[in-house]
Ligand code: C5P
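Below, in structure tokens: the form predicted on its own, a single chain.
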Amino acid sequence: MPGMTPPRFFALVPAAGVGERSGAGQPKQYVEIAGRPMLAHTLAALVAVPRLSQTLVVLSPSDDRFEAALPDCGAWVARVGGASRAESVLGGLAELRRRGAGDDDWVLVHDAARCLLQPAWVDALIDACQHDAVGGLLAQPVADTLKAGGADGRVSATVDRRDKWAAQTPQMFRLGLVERALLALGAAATDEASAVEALGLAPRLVRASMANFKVTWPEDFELAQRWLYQVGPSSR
């Protein structure tokens, strides 16, 4: 309709966790990779996407490292993180509302630990989902044979991989929809897409690169560093 403001695009980065599986001895978002804190690489990629109106990073209320580690990062900051991912994202959505975002604006939730993100992948997600009725997420078709494991640490079954995808981020949904979905599912939501799926909706899968992996285990830091040194800052 004439006079209507087109929806805007916001990125939201929950970074309130401690990253216990990483073995880093500190919140993993502040571990240096290729000379910069991991979170700095993540935010640099998002800030470099012109179509994003703004990026909001959600921190723990007790976080006392961010400003010293990432001066002039170019993102909004809110210490409204919670005990779970869902709580942190909901806190971030409420903060976006306080800063003027509305139900129809798009929110792209991205893992702080996916520090190899490229702006082109964000643009591809926006292109694929901006006119979608539901929204969607970056994902990668599973190439490996999948095994289900039992409590005894042995294989209990081989799982058919033909229709399986590994979910990545960003995950892009309208603010009102993802907020309603997360409020309904709560801490059981492992990601935003799972919450939206619980409403009976089917997010769009947008194929992404295997390079968009989440730094989780100790060996992942070295792999991410090698990749960043190879790609270099020019791609950002």
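We number the residues from 1 along the sequence you see. The structure presented is a predicted model; accordingly, all values stated were derived computationally and were not measured.
One more form of this protein exists, namely the form predicted together with ligand C5P; it is left out here, but the text below deals with it.
Engineer: Given that ligand C5P is not shown alongside this chain, does Ala11 nevertheless sit within 4.5 Å of it in the model of the complex, heavy atom to heavy atom?
Structural biologist: So Ala11 does not count as contacting ligand C5P.
Engineer: Just checking whether Ala83 would be counted as a contact of ligand C5P in the model of the complex - the rule being heavy atoms within 4.5 angstroms.
Structural biologist: Yes, Ala83 lies within 4.5 Å of ligand C5P in the model of the complex.
Engineer: Under a 4.5 Å heavy atom criterion, is Asp111 part of the interface with ligand C5P in the model of the complex?
Structural biologist: Asp111 belongs to the contact set for ligand C5P.
Engineer: Only one of 85 to 93, 119 to 127, 135 to 143, 152 to 160 has heavy atoms within 4.5 Å of ligand C5P in the model of the complex; I'd like to know which.
Structural biologist: Result for this chain: 85 to 93.
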